[in-house]
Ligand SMILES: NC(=O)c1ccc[n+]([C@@H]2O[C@H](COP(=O)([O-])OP(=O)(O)OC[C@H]3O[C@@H](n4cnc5c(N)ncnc54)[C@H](OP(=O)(O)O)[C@@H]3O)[C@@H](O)[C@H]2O)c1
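Quick heads-up: it's one chain on its own, the form predicted on its own, in structure tokens.
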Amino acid sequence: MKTYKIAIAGFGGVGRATAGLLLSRRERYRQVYDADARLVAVCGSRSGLADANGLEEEQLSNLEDGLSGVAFIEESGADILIEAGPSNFRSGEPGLAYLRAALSAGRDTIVISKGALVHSGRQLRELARASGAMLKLSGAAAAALPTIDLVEHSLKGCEVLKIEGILNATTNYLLDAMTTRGIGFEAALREAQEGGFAEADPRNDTEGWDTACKLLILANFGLGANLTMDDLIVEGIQSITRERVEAWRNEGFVPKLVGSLTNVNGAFRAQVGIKTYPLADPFANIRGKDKAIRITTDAMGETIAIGSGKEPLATAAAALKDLEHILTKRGA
């Protein structure tokens, strides 16, 4: 049985959910992959914990101050890094430093936060190619909604002509509440914040930046494009009024915040903004916090997937799906 030592950098809600799910699945990894998967280190921004023989769940509530950073992960002896820290696409940090170090060292890496992938995606791909490390990122590309998987596996060999994605759960919830219950943007936002799934500062979601990040990751890592945020037109939902939603509803249309990729003579054009759909369109019926993607290809036509996993478990499961891909390849 081969031993795999795993470290998690970033230990907020998603990192903790990933650790818990990983530990609960150890017997599955033994039986299916003949793999002894050990969680040897976890860390947040200021504290962490490490044990070369593997941590247990009851230990994870007692992190030690000062155990954090790239050197701490290096010293843990981890074979695989799961990066789950805060996401800042303008700087790439704090994840970028962890990812550069891990990939340069040939350490297989699973990325959940989007910032570094958007900021320095090309460099990270080059580091992975040079070292032979695997770079996996299902958790960063809409998590429970399969996006990268579809273009890399299910639609392999086809030319992607167009992609439309409802990729942000918060904005879909807000627009759905405004459309189905006739409430205004501010009232819908307060409701989402009180429900615990909208951030105190929701601008990354409501201004379209989270959708833009996921769209760039899909384009660059899934389709081989080299787009930057400067290549996108990004509009959000913050200026959408109750009166405008009512007008669309009277016309039989439903508004959604959509990220779009269009193949124009082999190059992709990307934008984020409001699109309206007639009631007969599947996108008009994506409710609440659900997400969806529609991919049009030359040979397989149109494929639609809808995701509705509960967070943060769904994101953790997406990351550990990537772990199983790594165990499959490394164990072959």
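Not measured: the values here are computed from a predicted model. Counting begins at 1, following the sequence as shown.
Absent from the display: the form predicted in complex with the named molecule. The rest refers to it.
- Remark: residue 46 counts among the residues lining the named molecule in the model of the complex, judged by a heavy atom distance of 4.5 Å or less.
- Although the partner is absent here, residue 311 sits close enough that one of its heavy atoms falls within 4.5 Å of the named molecule in the model of the complex.
- A residue is said to contact a partner when one of its heavy atoms sits within 4.5 Å of a partner heavy atom; residue 320 fails this definition for the named molecule in the model of the complex, lying far away.
- Among heavy atoms of residue 86, some come within 4.5 Å of the named molecule in the model of the complex.
- In plain terms, the part of the chain that comes close to the named molecule in the model of the complex, with a heavy atom within 4.5 Å, is 77 to 85 out of 77 to 85, 126 to 134, 184 to 192, 230 to 238.
- In the model of the complex, the named molecule lies within 4.5 angstroms of at least one heavy atom of each of the following residues of 83 to 119: 84, 85, 86, 87, 94, 98, 112, 113, 114, in sequence order.
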